[in-house]
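Before any questions on binding or motion, here is one chain by itself as structure tokens, the form predicted on its own.
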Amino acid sequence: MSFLHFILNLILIFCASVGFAMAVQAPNRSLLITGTIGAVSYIPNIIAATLADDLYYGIVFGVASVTTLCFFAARMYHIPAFILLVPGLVPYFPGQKMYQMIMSLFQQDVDQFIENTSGFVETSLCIYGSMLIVNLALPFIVSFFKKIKQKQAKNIAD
């Protein structure tokens, strides 16, 4: 992949995230943040997918980065996390597999239907599993770092 292709993908993902945020009527102050989260999440996605040579690893790391960025941006900018999360996940949604799954069902092609359904389910499991793990782990990680910071502040004060 060339550098120009990579930059173009970042721009398109930014626009897709902002466009979807506008479609779901997200507040105007969240549009730039949502687009940035969507675009930045592409970086770990492409790195993981390239290193592992597997699309699903890229989806897991991309969704984990979206979820993590939304967790912190929601607290920083006082915007509900789901307003940032849903448009940020646009690049990872398995819409193409769902379309292919429905088309193969209408064409009564059972083998293609099964293949597309398994691709849709695998992608969905990567998305939801990654979101679940990150959402369960982040509060514990943040509280751990807060305790360390409090101990350091207490040691400095003494």
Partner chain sequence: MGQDRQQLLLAKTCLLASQILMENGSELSRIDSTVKYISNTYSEGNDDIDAYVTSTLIIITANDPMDTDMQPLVLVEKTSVKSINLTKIDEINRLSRAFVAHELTLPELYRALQQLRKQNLLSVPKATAGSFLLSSTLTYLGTQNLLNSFLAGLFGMMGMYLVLRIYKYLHRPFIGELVVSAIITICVRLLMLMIPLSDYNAIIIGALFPLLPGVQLTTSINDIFDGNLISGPQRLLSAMILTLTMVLGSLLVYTIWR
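This is a predicted model, so every value here is computed, not measured. Positions refer to the first chain, counted from 1.
Same protein, other form: the form predicted in complex with the partner chain, not shown, and the subject of what follows.
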Problem set entry | in the model of the complex, Gln25 touching the partner chain (heavy atom, 4.5 Å) | yes
Exercise. Taking the shortest heavy atom distance, is Gly35 within 4.5 Å of the partner chain in the model of the complex?
Worked result: no
For this session: Give a yes/no on whether Phe113 approaches the partner chain to within 4.5 Å in the model of the complex, heavy atoms considered.
Result: no
For this session: May I ask you to check whether Leu132 falls inside a 4.5 Å heavy atom distance of the partner chain in the model of the complex?
Result: yes
Exercise. Any chance all of Ala16, Val90 and Tyr128 sit within 4.5 Å of the partner chain in the model of the complex, going by non-hydrogen atoms?
Worked result: yes
For this session: Just give me the residues of 96-117, first to last, that have a heavy atom within 4.5 Å of the partner chain in the model of the complex.
Result: Gln96, Met98, Tyr99, Gln100, Met101, Ile102, Met103, Phe106, Gln107
